[in-house]
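This document starts with one chain, in the form predicted alone, laid out as structure tokens.
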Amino acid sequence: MRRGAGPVLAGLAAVAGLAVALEMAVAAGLIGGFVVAPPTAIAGAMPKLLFEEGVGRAFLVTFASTFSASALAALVGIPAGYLLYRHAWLGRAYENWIAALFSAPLILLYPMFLVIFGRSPAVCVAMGFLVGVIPVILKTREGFLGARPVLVNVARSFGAGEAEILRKVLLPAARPAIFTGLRLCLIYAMINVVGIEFLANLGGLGFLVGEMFDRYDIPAMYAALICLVLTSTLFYALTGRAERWLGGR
């Protein structure tokens, strides 16, 4: 337990030290309070977000959109990655095109999705899926390609079918790469979901950040940003827990 608590305590100590340094810098006038709110003011704005601005509801909207987009990306991306691995010519033909999309600013397509889905959370889900499915496909294929061929050949020599080889050999070997893809998926999906919420005023934490900025309530804006960071941390912890659970089965 001490080994597990040590890194957590060290991280909290670093955050506390940074908060103290920032508070002192703002108080000394080294950083303008109109640009960066002092941590005490940010902490004081948290109750306002909780009881007046509906940050809990905003969190649920952002969480639901990001989770839905990531779940769809996993349902589509993992089979697609396996397909690119199973048929090598497909992988050679399409991997570079898919990778090129990863660096494209796909968020700029949001006006088209607004026309298709209207002003609804479906726009956030669709945009999150579009960017999230790419790393899932690429990392899934990479994970399957990294499986040792000798293991596949041994399983096949014992009469295992393709479905059994996939379940007992390929998926366990590819699991670390697949979960890396899922983590990247969550990161990029959430970035796009929050960005669309901010740009199109579709609710959620992104809208809340924009609303606080429009009111020039700087402490509340930073408090909303901290809620975004905590949401991202929650997603990261959930994927880590899921990977450990699957690894123990």
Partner chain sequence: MARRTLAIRLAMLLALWAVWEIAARSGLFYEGIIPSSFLVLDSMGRHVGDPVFYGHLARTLYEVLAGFALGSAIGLAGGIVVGAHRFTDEASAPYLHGFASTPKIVFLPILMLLFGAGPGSKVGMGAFSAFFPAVIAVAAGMAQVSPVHVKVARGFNASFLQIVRKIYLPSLVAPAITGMRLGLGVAIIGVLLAEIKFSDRGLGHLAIQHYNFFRVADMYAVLLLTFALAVLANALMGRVGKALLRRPVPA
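Quick caveat: nothing in here was measured; it's all calculated off a predicted structure. Only the largest set of C-alpha atoms that superpose within 1.5 Å between the two forms is called the rigid core. Numbering follows the first chain given and starts at 1.
The same protein has a further form, the form predicted together with the partner chain, not shown here; the description that follows concerns it.
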| item | value |
| --- | --- |
| Contact test in the predicted bound form: Ile218 vs the partner chain, heavy atoms, 4.5 Å | yes |
| Close approach of Gly195 to the partner chain in the predicted bound form, 4.5 Å, heavy atom | yes |
| The partner chain contact in the predicted bound form: Phe51, any heavy atom under 4.5 Å | no |
| Contact of Gly146 with the partner chain in the predicted bound form (heavy atom, 4.5 Å) | no |
| Answer option from Ala71, Leu83, Ala99, Met112, heavy atom within 4.5 Å of the partner chain in the predicted bound form | Met112 |
| Candidate stretches 59-67, 22-30, 43-51, 207-215, one within 4.5 Å of the partner chain in the predicted bound form by heavy atom | 207-215 |
| Residues in 87-106 with any heavy atom within 4.5 Å of the partner chain in the predicted bound form | Trp89, Arg92, Ala93, Tyr94, Asn96, Trp97, Ser103, Ala104, Pro105, Leu106 |
| Flag for Val61, CA shift 2 Å or larger between this form and the one not shown after aligning core | no |
| Sense of CA distance change between Ile187 and Thr239 in the predicted bound form, threshold 3 Å | closer |
